[in-house]
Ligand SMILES: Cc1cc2nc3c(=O)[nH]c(=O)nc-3n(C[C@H](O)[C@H](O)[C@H](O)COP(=O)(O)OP(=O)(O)OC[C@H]3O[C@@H](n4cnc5c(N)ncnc54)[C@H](O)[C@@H]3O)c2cc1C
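The chain below stands alone and is given in structure tokens; this is the form predicted on its own.
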């Protein structure tokens, strides 16, 4: 597993050891590139190990649907190759009024166009999928059985282990403090454990991306801010009671599903920030308790075992910034995932590795252009909950 020893040099250096940084390292190392990941704490310690486990293709724009279709293919492939849990148990969006139904019909048409088998189902069909649901107010649901969920601990660890097998170096408990730049070219990084010579740097720090950008001295405006989102897990119930990820925008932008151990895990759209504070709040507990029991009344009988907080590193349009920063050679960014980094990571890794090794990618990376903010060309708001 990861070492604490910082190498003297690395062709490519990734700052940030979450799922995005680790999968990029995995993909680059698999292609024979010399790559090092520098993480200031331990692998997965930022947002990754705090996430809600969900992986979905049900987005509301062509780019995210395409990227997530590829990501699901990669999640399935690597879960089988590396032996970590990934279940295609589906995503179920509960819909409560005609306007919501029309919106999701448009979303479903986009998804179907790219081969994602989402369909509109009746409240009764939704209850067959999750018998515990209260469907008294539900008029329809959006259902895709090929969406799913993965264990962030097992999956990130497996990607890290295999990245190292391919030759990547993962250096933990090492913080980047400054860039060494000469004539607009990166020559190295200064860290708390010494200096590493490097020519290519990838900023994969997500909630901390703006701090690294400032350190690099780039002038382009890439607004990424950390917002606190919280989650809970309950005492276990009968396994298999809530197989899919269940979503309700009407009730607090809530998401919930069941873990392999039987506990119900999820959160609501209660948001605080920008902040780096991660202390759980009583206000969140009140909201999550109320909204969860509106969706599944039987949950009111359960005890909450634990609550925690993580970051949504948000951009103004809830889409990440992915690509090369032209003012500095060679500096790349893959950050600002707005709650979608875990699910997108394998496909993002392919995109970034393609750009660095081939100069182009078949996936629609232009949608995530880091310069769109400065030009005032925001994308449509990415579908987001919790």
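Given the structure is predicted, the values throughout are model-derived calculations rather than measurements. Residue numbers count along the first chain shown, from 1.
Although not depicted, the form predicted in complex with the ligand is the subject of the following passage.
K.L.:
I need the one stretch from 353-361, 28-36, 315-323, 335-343 whose residues put non-hydrogen atoms within 4.5 angstroms of the ligand in the model of the complex.
P.N.:
Looking at the partner contacts, the answer comes out as 335-343.
K.L.:
In the model of the complex, is there a heavy atom of the ligand that lies within 4.5 Å of any heavy atom of residue 176, even though the partner is absent here?
P.N.:
Residue 176 belongs to the contact set for the ligand.
K.L.:
With heavy atoms only and a cut-off of 4.5 Å, decide whether residue 57 touches the ligand in the model of the complex.
P.N.:
Close contact is absent here: in the model of the complex, residue 57 is far from the ligand, nothing within 4.5 Å, heavy atoms only.
K.L.:
Residue-level contact is defined here as any heavy atom of the residue lying within 4.5 Å of the ligand in the model of the complex; does residue 50 satisfy this criterion?
P.N.:
Answer yes; at least one heavy atom of residue 50 falls within 4.5 Å of the ligand in the model of the complex.
K.L.:
Indicate whether residue 69 is a 4.5 Å heavy atom neighbour of the ligand in the model of the complex.
P.N.:
No, residue 69 sits far enough from the ligand in the model of the complex that none of its heavy atoms falls within 4.5 Å.
K.L.:
Using heavy atoms only and a 4.5 Å cut-off, decide whether all three of 145, 244 and 296 touch the ligand in the model of the complex.
P.N.:
No, the whole trio is out of contact, none within 4.5 Å by any heavy atom.
K.L.:
Only one of 218, 212, 200, 237 gets a heavy atom within 4.5 Å of the ligand in the model of the complex. Which one?
P.N.:
For this set of options, the contacting one is 212.
K.L.:
With the ligand left out of view, which of 208, 86, 292, 159 would have a heavy atom within 4.5 Å of it in the model of the complex?
P.N.:
Residue within 4.5 Å of the partner: 208.
K.L.:
Within 4.5 Å of the ligand in the model of the complex, counting any non-hydrogen atom, which residues from 253-289 show up?
P.N.:
Counting only heavy atoms within 4.5 Å of the ligand in the model of the complex, the single contacting residue of 253-289 is 255.
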